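A single chain comes next, written as structure tokens; it is the form predicted on its own.
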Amino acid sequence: MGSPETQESNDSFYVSHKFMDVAKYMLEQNGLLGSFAKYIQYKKAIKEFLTEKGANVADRKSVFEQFNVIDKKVKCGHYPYQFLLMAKYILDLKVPGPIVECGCYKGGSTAKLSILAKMTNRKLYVCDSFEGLPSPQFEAEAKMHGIVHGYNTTFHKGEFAGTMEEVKSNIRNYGCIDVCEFVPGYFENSLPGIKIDPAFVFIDVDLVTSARDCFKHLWPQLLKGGLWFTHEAAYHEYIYGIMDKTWWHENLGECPPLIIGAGTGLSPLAHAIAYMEKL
């Protein structure tokens, strides 16, 4: 099955290469039977998403179809099922309030979240430097990701950049830009002045320092019953960094929350995704 790092590499690889490249890579990593089994698992997960008891089937089908277009048209840094999984949580979320995204890359994830925001009558705050990552502050961060096939093996300043114009264009073309408000800048500068009381927060920020900035300024505002998702569940160094008890006590005056999916993800098809609930 491979290590969490390898699993996360697989997830990123799915959406960044052509079909034949993906097929070849999956065969190399999982063998013929393993690749077929994962494909069957994915098809079953899609069926469950579309036909879940009590769900609005028309909404689920619309989300799935629109997400498929985004996956084909926009360079994304996530595996498609990860956002179908989060879509279920957002569509089922009873807490009113906006959605916040921290780290949007080229805007593929943002377009998906904007569709869900529109469908659930929410606003989407899009927080990003639009200049790529800041410089890693810890040695472990610089060595944390060993992603293959065209991805850098270390983080560096400016990596995973998407300009605001590029992000907005992708949302206009494939999402719902009318629900979006953009918050440009590195999080340490852009988040302190925000007052929004979100119901759902999604961070895909890669670095512990960036994630801590998000927690410091947004966690206190997250509504009771609200959900906080992260895209770095598989990276142990990251999880240890954001769940550090001393940091939480010094900066937020409380113990870190329980994080569901840390180290393994919420699904074999979504190794990167974990979440916390504000109690």
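Throughout, we count residues from 1 along the sequence that is shown. Given the structure is predicted, the values throughout are model-derived calculations rather than measurements.
Unshown form predicted together with a small molecule; subsequent notes refer to it.
Among Phe182, Tyr174, Tyr105, Tyr81, the residue placing a heavy atom within 4.5 Å of the small molecule in the predicted bound form is Tyr105.
Just one listed stretch, out of 87-95, 128-136, 174-182, 114-122, contacts the small molecule in the predicted bound form at the 4.5 Å heavy atom level, and that stretch is 128-136. Under a 4.5 angstroms non-hydrogen atom cutoff, the small molecule in the predicted bound form lacks Asn170 among its neighbouring residues. Among residues of the shown chain, Phe200 is not one whose heavy atoms approach the small molecule to within 4.5 Å in the predicted bound form. For Asp71, no non-hydrogen atom is located within 4.5 Å of the small molecule in the predicted bound form, even though that partner is not displayed. In the predicted bound form, the small molecule stays beyond 4.5 Å of every heavy atom belonging to Thr230.
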